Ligand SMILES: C[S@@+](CC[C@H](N)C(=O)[O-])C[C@H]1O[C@@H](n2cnc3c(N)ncnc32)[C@H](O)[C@@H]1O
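Consider the single chain below, provided in structure tokens and representing the form predicted alone.
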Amino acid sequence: MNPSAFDAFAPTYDADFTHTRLGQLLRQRVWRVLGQQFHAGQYVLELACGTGEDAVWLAQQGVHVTATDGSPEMVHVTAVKAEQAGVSDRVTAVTLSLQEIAGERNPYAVIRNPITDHESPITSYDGVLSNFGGLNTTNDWRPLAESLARLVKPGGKVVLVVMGPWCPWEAGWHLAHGEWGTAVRRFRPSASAHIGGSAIPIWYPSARRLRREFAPWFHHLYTESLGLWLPPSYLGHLVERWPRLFTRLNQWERHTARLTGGWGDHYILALQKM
């Protein structure tokens, strides 16, 4: 896969998703989890950072973030956004793909002591974040988990937000429109997404599958559904049309998410380094 294909999304991603009602509802749910797992003064590695929305938010909470992405344009947008938000001292944006990290190219950042002006590398992280389907662009989850195990301190937290195979909204919508192939695409070994003129393979691992791949090094904390009652992003216009309804459904899911686990457009998988 060529991660730079996502360069085409960099200029419009925030307008198309981040700043929409649907995007805001989903991201607020993720930020609630991040606020519980990561704390000021910690160093967090972000995988597939996209336009840096989560990196900037974490930095505003006092967390230091090494934000990585295989798309140079996404990394550029992240760096600019951090500068504009006044947190560039806590966000290091690096062009580095998941595949490269799984292949043991380590994303060490450099920190500067403001008193001595001395630079030193970050040799381990307090946690890892990957939001909104970054892990769906690879199926090398076991090598990635092993590489992350060498990067994360014992007790460090990992928060993965992944598109899973059990999305009732997507299946129901496409079945109702007679689109049988699209309705069941998440159950296939892989599906194709057309991004930036390229066909990109996408995988939909279950929460159980990812738990198994990470299990040699990481302990499972919990799994929460995300977007079970909200439509996928390509149906975000429905949320714009009925905002009060979907806001209430999102609030309902927030209280039941651990019961519905890996269901929904995404799920949140929280792990801890052993």
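Numbers for residues come from their place in the sequence shown, where the first is 1. Only a predicted model underlies this, so the values are computations on that prediction, with no experimental measurement involved.
Keep in mind the form predicted in complex with the named molecule is missing from the figure; the text below concerns it.
- Only one listed stretch (177-185, 68-76, 140-148, 83-91) carries heavy atoms within 4.5 Å of the named molecule in the predicted bound form, and that stretch is 68-76.
- Using a 4.5 Å heavy atom cutoff, Phe6, Glu46 and Gln99 all lie near the named molecule in the predicted bound form.
- Between the named molecule and the residues His39, Arg209, Arg27, His220, the one pair within 4.5 Å by heavy atoms in the predicted bound form involves Arg27.
- In the predicted bound form, the named molecule sits beyond 4.5 Å of every heavy atom of Gly227.
- Shown alone here, Tyr204 lies farther than 4.5 Å from the named molecule in the predicted bound form, counting heavy atoms only.
- Put simply, Gly134 is close to the named molecule in the predicted bound form: some heavy atom of it is within 4.5 Å.
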